[in-house]
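Below, in structure tokens: the form predicted alone, a single chain.
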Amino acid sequence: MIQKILEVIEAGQTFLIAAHESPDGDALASTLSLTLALEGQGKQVTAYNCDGVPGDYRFLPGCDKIVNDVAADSQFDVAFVLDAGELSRAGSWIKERCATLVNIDHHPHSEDFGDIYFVDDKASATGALIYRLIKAAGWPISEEIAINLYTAVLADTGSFRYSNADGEAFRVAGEMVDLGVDPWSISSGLYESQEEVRLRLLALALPTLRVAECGTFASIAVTLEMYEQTGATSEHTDRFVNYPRSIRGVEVAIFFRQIEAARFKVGFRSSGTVDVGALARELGGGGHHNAAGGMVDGTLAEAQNHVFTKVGRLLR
């Protein structure tokens, strides 16, 4: 599969690289790693994300290359869709704008929407797959590419705390450190450069903490009213789900994020006992065994009751 990808790269000149909406560290850093690598080969690259770059990731080299709009008449020889799970999360229009579409992902049940389907659901991160591609091509890894590859793996393994932190993840990280990446500067950029409004939003979210009587699942929530009170936005909620996840005995953490008057995005994190990816697909979403998300309509109380019932049944 990698050889097929290298062949279309060799034949192409104009490239589009896109990742899923509400991008996380893996999605953004994978986009930038591949963008910088292709530019190093003299290719013309457009890096796209419909939601742009959240503030927490603006330390990534090349992030200013990512645009959130592409001209309607743009055409590309090759389009890469990274870490998306399904094409609609990156942009359904992409398929009509390219001669060859490549899907690179590590989500289980990732849609086979591309002409080339490079998906490994055992990989720690999509960034690990980009690393494999770059190494197979024999392209040089600059310090800028190394920072992005390291960040992709670091972010999607929860700083190497999650069960997907396999040997490859540590090997990729180790090689990037050998190439000059400073782990402290990456961790500082990700975790210790918060805006004040994020903490004010968190202060309002934590009192919504609900823990099931059995103690095996817990949730917090953010509402539109909280955004209005603090001046924060949805990008400031990254990693909020980790707070209920950190409670002793919790197997499934849930984060409710209001996006409309009667609609919530629901994020799930599992310690491994429950396949939250399957649960999210029931809610029209998707994701991994241990990290996934979906959508629920109703008030916060209605959304909580609906999701808690489903999670409770799974844990029983």
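Under this definition, the rigid core comprises the largest set of C-alpha atoms superposing within 1.5 Å between the forms. We number the residues from 1 along the sequence you see. As the structure is a computational prediction, the values presented were derived from the model and not from experiment.
Another form exists, predicted together with a further copy of the same chain; not displayed. Remarks below refer to it.
(request) State the residue from Glu228, Asp112, Glu96, Glu196 whose non-hydrogen atoms include one within 4.5 Å of a further copy of the same chain in the model of the complex. (result) Checking each option against a further copy of the same chain in the model of the complex, the one that comes within 4.5 Å is Glu196.
(message) If the cut-off is 4.5 angstroms on heavy atoms, which of these, Leu224, Leu206, Ala72, Ala136, is the one near a further copy of the same chain in the model of the complex?
(response) For this set of options, the contacting one is Leu206.
(message) in the model of the complex, does every one of Arg161, Leu202 and Pro244 come within 4.5 Å of a further copy of the same chain, counting any heavy atom?
(response) Each of the three qualifies.
(request) Indicate whether a further copy of the same chain has at least one heavy atom within 4.5 Å of a heavy atom of Gly167 in the model of the complex. (result) Gly167: contacts a further copy of the same chain in the model of the complex.
(message) Using a 4.5 angstroms cut-off on non-hydrogen atoms, would Ser187 count as touching a further copy of the same chain in the model of the complex?
(response) Yes, Ser187 lies within 4.5 Å of a further copy of the same chain in the model of the complex.
(message) Can you tell me whether Val177 touches a further copy of the same chain? I mean in the model of the complex, with a 4.5 angstroms heavy atom cut-off.
(response) Yes, contact at 4.5 Å.
(message) Quick check on Tyr150: any heavy atom within 4.5 Å of a further copy of the same chain in the model of the complex?
(response) Result yes; Tyr150 sits at the interface with a further copy of the same chain in the model of the complex.
(request) Go through 80 to 88, 112 to 120, 137 to 145, 168 to 176 and give me the stretch that gets within 4.5 Å of a further copy of the same chain in the model of the complex, heavy atoms only. (result) The contacting stretch here is 168 to 176.
(request) For Ala136, state whether the C-alpha moves by 2 Å or more between the shown form and the other one after rigid core superposition. (result) No, shifts by less than 2 Å.
(request) Please check if Cys214 moves between the shown form and the other one, taking a CA shift of 2 Å or more relative to the superposed core as movement. (result) The answer is yes, as the C-alpha of Cys214 shifts between the shown form and the other one by 2 Å or more after core alignment.
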